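So this one's two forms of a single chain, laid out as structure tokens and tagged structure 1 and structure 2.
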Structure 1
């Protein structure tokens, strides 16, 4: 490592409190998928039976790899590329895992920033009441007008990127940690308020049944693989975010306990979102498993028919923006910290460079529904191509190699030592169990998820 990088790392910021660690890590895991994808997949694939498989898959796939990433990041106190160069200085290029993570984070940002742009635009639309209509045709027209307008698409995407960049400019402690410590409690408060209002509706029992009644007849190999894939993608692993945030962890932080709390809190957010959404959806006769359109087309029509619907709709889109902000912060921090530490440039310049690159790269995704709608690669728009490459290739590849690195290269002794905070914690049994999963179970299951995503099984 160069002298400039040594100077940067010697002045490195970190999270200042245990709650800050939990809030920031949870903010990375929680995203738009919690609001619509998790509840709708759970309901459409067997309810409680799907939920049980998801939980088992999380314990065997998501949680072990998440713990591994955080542990590697904290041990090296560096960005993902430098961390793996430091921990594996030999001939094998394990540092390419960090490169893959950075590429995945950048690709995800290029299209996810556009989805978040729609959410931010809908906060304004919710406030002025322009989407408050009980007619889905009206709300569909409002969404089409937004997504197919190249000027609005680019403008709102840039607003989101500059907003996230502004938070990152404040640093790790005063930016990421300070914001997520405020946003995560707000997220739970808004969910509880919306859930309470939704449970008073006539369709509450049907909505809760949609989520929680097991339908064993719906279980199949495809449903099991769907649950495994959701468990892998839900905790923001394989994209460098957890390794980056792990590098900001305090040395006395209990990583397994923190990761388990993040997993449980993330699950609570998803279930609370389902409780808030689906009783209302069933009360007014809408389709509960309609994916992204549920957020932008169905939900406004639902709220238009509820008591205090205007206020609740504003709350819902603020809630969705809060969930998206935490995820965006962790994603953008990955290329920022790599540019900052690997190139030795200031953090502010790294943020500006990332913003410019994302404005250019993200414009393809932003214009995929308008100007570039006919431009396709392998039959995919720029939006869909970025999603496909990151979700089906880069993320699972990163997850597999992180598990292989810890399980077959780093070794059990170093893993136990790091996870026990150099012997300060008595968790050797837990560490050995996690190591076993990383060595034998997690890579095989992630490979199955990857093969399904590529339509090879």
Structure 2
């Protein structure tokens, strides 16, 4: 290892406490995926039947891949590209997983940051009451005014990027860890309050029915792919995020236990978000639409009719902003630490470079509701294309290679050694089971679901 690498490594920051590890990792998993994707995808694709496929994907594929990523990161204590170069020197180019992860990070951030931009703008609109109208035509007009204005779209996106960059500038311990430790409890508090308020409404049963009644007839290969893509997106896996966070894990942290807790807590957040949203939607006679319109058009109109609606609406958008912040931090940390460690530039320069690159890369998605709304590839706007490509193709492909790397190249002994912190933690049986999934089950399942879902077989 070169001298400069040594210098960087000896000063390398990490998460300082067990709670910090949990908060940061959960902060990455919880995000717009829980509030903006999970409820509407579940509702639209058959309720409980979709939920079941999603749960199976999470357990058989998501959890093992998440554990693999964290373990690789912690073992190498480096960014994804360096990590794979160190763990697999000289042979096959496994480090390309890190390169494709960096590309995926930019792709996801390009549309993700725009949705977060709307959320930030909506926090202000909720506070000043300008979106508080029970007439969906009014809330639709408010959303259109924002999303169809190229200047506002870009400016809000930049506000979000600079805000996240500012937190990253404070470092891993004082930035990411400190912020997520405060935000995660706040998130649960707000969610419980909102869920409780929603369950007291008349349409609660109907709302829960929409979310939980199975509709097996809606199951299809592409629905299964959607569920699996959601599992990847939710757990922040397949692109090196968990590898990067793993490199900040303490050696005595029991990775399978942490990953399992994160998975369960993330699922709770998703379910609570659904419980907060759908009863209210049905009580006031709205159609549960999907995508941006549910959060930005239907929700304000619903809250306007609820008792204490103004306060609840502010809470909802603050909650969404809080969830999105932890996720954005983890997405942006990947290119930042890659640029920092691979190019040997300072962390602050790496953050600046990432910000500039993202302002350029994100503009396509930011403008796809205005200036570029007619520009489509395969019938999708830049925004939808980035969403589709990342969840359904890049993340699962990354997942296949991570599973193959551990299962066939790294091998069971090194995996068990790394997972048990050289034998100090007694989790060898769990490690063997996870290894089996990684070697045989996860890659085969991912490939099958992708080929079927993309209509290739």
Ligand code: TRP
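Residue numbers count along the first chain shown, from 1. Keep in mind that this is a model prediction, so the values were computed, not measured. The term rigid core refers to the maximal set of C-alpha atoms that superpose within 1.5 Å between the two forms.
Enquirer: Given the two isolated forms of this chain, which one is the form predicted in complex with the named molecule?
Expert: Between the two, the form predicted in complex with the named molecule is shown as structure 2, not structure 1.
Enquirer: Inspect the rigid-core superposition and answer whether the C-alpha of residue 215 shifts by 2 angstroms or more between structure 1 and structure 2.
Expert: After core superposition, the displacement of the residue 215 C-alpha between structure 1 and structure 2 reaches the 2 Å mark, so yes.
Enquirer: Does the distance between the two CA positions of residue 430 reach 2 Å or more between structure 1 and structure 2, the core being superposed?
Expert: False for residue 430: its C-alpha shift is below 2 Å.
Enquirer: With both forms fit on the core, has residue 410 moved 2 Å or more by CA between structure 1 and structure 2?
Expert: After core superposition, the C-alpha of residue 410 moves less than 2 Å between structure 1 and structure 2.
Enquirer: In Å, how large is the C-alpha displacement of residue 224 between structure 1 and structure 2 after the rigid core is aligned?
Expert: Once the two forms are fitted on their core, the shift reads 4.3 Å.
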